[in-house]
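Taking the form predicted alone, here's one chain by itself in structure tokens.
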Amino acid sequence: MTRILTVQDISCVGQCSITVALPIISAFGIETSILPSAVLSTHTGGFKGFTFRDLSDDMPSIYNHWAKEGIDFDAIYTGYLGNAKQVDYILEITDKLLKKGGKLIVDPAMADYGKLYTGFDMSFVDEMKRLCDHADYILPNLSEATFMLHQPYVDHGYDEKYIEEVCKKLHRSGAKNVILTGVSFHPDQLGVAVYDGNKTEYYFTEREKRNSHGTGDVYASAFTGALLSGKTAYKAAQIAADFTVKAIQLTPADHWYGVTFEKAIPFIER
């Protein structure tokens, strides 16, 4: 049975990060292990006065115990990290516990709408970029991609040439496959660009009118589950997009802090 390790935070309320990744990836029939990077009372979007506990000091003892027990993984999937030094821990885990031929999948969860999340700065961005440079698959949105490339954020008016150049720059730095989310050439569509070092493929869905917290985590988790189930990167990107849209559509209008992805799990294309 395929076993994956996901490294990201636990937001106790907020339908994101590990509380999203664990059920979605498990729904693909993949054994999903977790390594929490931090514990937050809620996610950082829209809530005030949330608590935050950095779990960096606990991480080495956990993965060193796994090493002693002979536990290894077919893939490692990272999301929101508690601080920049956790990048070194993840690279150590990859060296020690990722099976030969295993995949490192990185969602550089740190920015949206041209702004970094609370508590992050450019030194954190540069460390996340270093992690992405070692990855087999990265899933940045446009904000995260442009932060990592130290170039201005552009939210509209760009063309395919611009998107492809962003993907190529990230690929040249080391990432083997770039899954760039939040791409739009038309106001009524939103999609993803999939670049493998040779060609760029696009997949678009109709843009939903509402903006929802946690959709990046839902997308990255569904992509990871589909990819590890044997789908191509493009097919996994398509499955993840359709699932994320379905989750948004099934979310009640007054449910503002996340999407009710649980209702959409029966609709995942496997």
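So that there is no doubt, residue numbering starts at 1 and follows the sequence shown. In this text, all values refer to a predicted model and were calculated from it rather than measured experimentally.
Just so it is clear, the following notes concern the form predicted together with a small molecule, a form of the same protein that is not shown.
(request) Can you check 231-239, 57-65, 28-36, 214-222 and let me know which stretch has heavy atoms within 4.5 Å of the small molecule in the model of the complex? (result) After filtering at 4.5 Å, what remains is 214-222.
(message) Between 137, 80, 147, 73, only one gets a heavy atom within 4.5 angstroms of the small molecule in the model of the complex; which residue is that?
(response) It is 80 that has a heavy atom within 4.5 Å of the partner.
(request) Decide if the three candidate residues 6, 21 and 24 all line the small molecule in the model of the complex, where lining means a heavy atom within 4.5 Å. (result) Looking in the model of the complex, the three residues 6, 21 and 24 all stay beyond 4.5 Å of the small molecule (heavy atoms).
(request) Please run the contact check for residue 124 against the small molecule in the model of the complex: heavy atoms, 4.5 angstroms, yes or no? (result) Close contact is absent here: in the model of the complex, residue 124 is far from the small molecule, nothing within 4.5 Å, heavy atoms only.
(message) Considering non-hydrogen atoms and a 4.5 Å limit, does the small molecule approach residue 247 in the model of the complex?
(response) Residue 247: no, not in contact with the small molecule in the model of the complex.
(request) Answer yes if any heavy atom of residue 89 is within 4.5 Å of a heavy atom of the small molecule in the model of the complex; otherwise answer no. (result) Output for residue 89 is no: heavy atoms all beyond 4.5 Å of the small molecule.
(request) Report yes if any heavy atom of residue 205 sits within 4.5 Å of a heavy atom of the small molecule in the model of the complex; otherwise report no. (result) Looking in the model of the complex, residue contacts with the small molecule do not include residue 205, since no heavy atom lies within 4.5 Å.
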